[in-house]
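Taking the form predicted alone, here's one chain by itself in structure tokens.
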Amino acid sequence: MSTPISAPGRVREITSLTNPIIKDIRLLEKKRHRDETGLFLAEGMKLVIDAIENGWTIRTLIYSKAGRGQENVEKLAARCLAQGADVLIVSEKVLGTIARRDNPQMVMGVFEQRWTAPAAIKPAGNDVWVALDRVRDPGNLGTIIRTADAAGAKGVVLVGQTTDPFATETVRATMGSVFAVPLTRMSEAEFISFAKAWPGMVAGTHLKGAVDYREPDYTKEPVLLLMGNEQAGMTDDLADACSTLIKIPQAGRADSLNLAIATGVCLFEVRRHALNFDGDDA
């Protein structure tokens, strides 16, 4: 059976902040509305193109009047219209209000969220997945998703009550990697069951009973790297679900690293083992 072709979208010009379409888009700054609609905002030409190139569904393209006549903007608008998305041409004031900042980028997009079902995760070979326990900071989460992409990780698992990966701040911090890295979410109990069934090493960062993160042999099996909460670390139950506990030795007066930095350090060490990675391309 042939795939149905989407009906072309519509083009509208909007200058009023009280327009109901704009009001609805602005509500996407609230997690509750993102959860209810399954939609989110991405700001910037690069992010919008990254999303479309990775097959994400765009509902609405928004761009400033200043983009009229610019070939790259017009081509993007035509592409979105052909896929069934609406195109809104808005004033600078409207665009800044949607972006919630001064001097926003010229282009924004409203996309459908995408989640990977836990049952669809089939680790094999030297695959690496990153799991995050109750990560709270949008910047941390966005940076970790970006780092996971750079390191070739297969995806990111969000455990418990975490910050929303589809919040505008988080999407912005990923620099487009949110569209390339599969995301899944689980309760703590679901993750413990998932970890127990993991066909390789489950390595968690922990201060108690942990070994230097450089010591384990991460080769020849899938690795699930679990990072604890920014303030409290991981729970005892999560630590018990790990097959290996690791830590990053501190040489100075600081007793800990930022979560995103710590994740990057551990993740690239895992990949160095798994892929015999020497860092030349980093």
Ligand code: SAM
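Owing to the predicted nature of the structure, the values given are computational and were not obtained by experimental measurement. One-based numbering along the sequence shown.
Same protein, other form: the form predicted together with the ligand, not shown, and the subject of what follows.
For the chain shown alone, L259 is a contact residue for the ligand in the model of the complex, at least one non-hydrogen atom being within 4.5 angstroms. Put simply, A66 is far from the ligand in the model of the complex: not one heavy atom of it is within 4.5 Å.
Not displayed here, the ligand is kept clear of H33 by more than 4.5 Å at the level of heavy atoms in the model of the complex. R59 falls outside the set of residues with a heavy atom inside 4.5 Å of the ligand in the model of the complex.
Checked against the ligand in the model of the complex, the candidates L47, L41, C242, M234 yield a single residue with a heavy atom inside 4.5 Å, and that residue is M234. Screening 47-55, 225-233, 33-41, 66-74 for residues having heavy atoms within 4.5 Å of the ligand in the model of the complex returns a single hit, 225-233.
Counting a residue when any of its non-hydrogen atoms is within 4.5 Å of the ligand in the model of the complex, the hits in 205-228 run T205, H206, L207, M227, G228.
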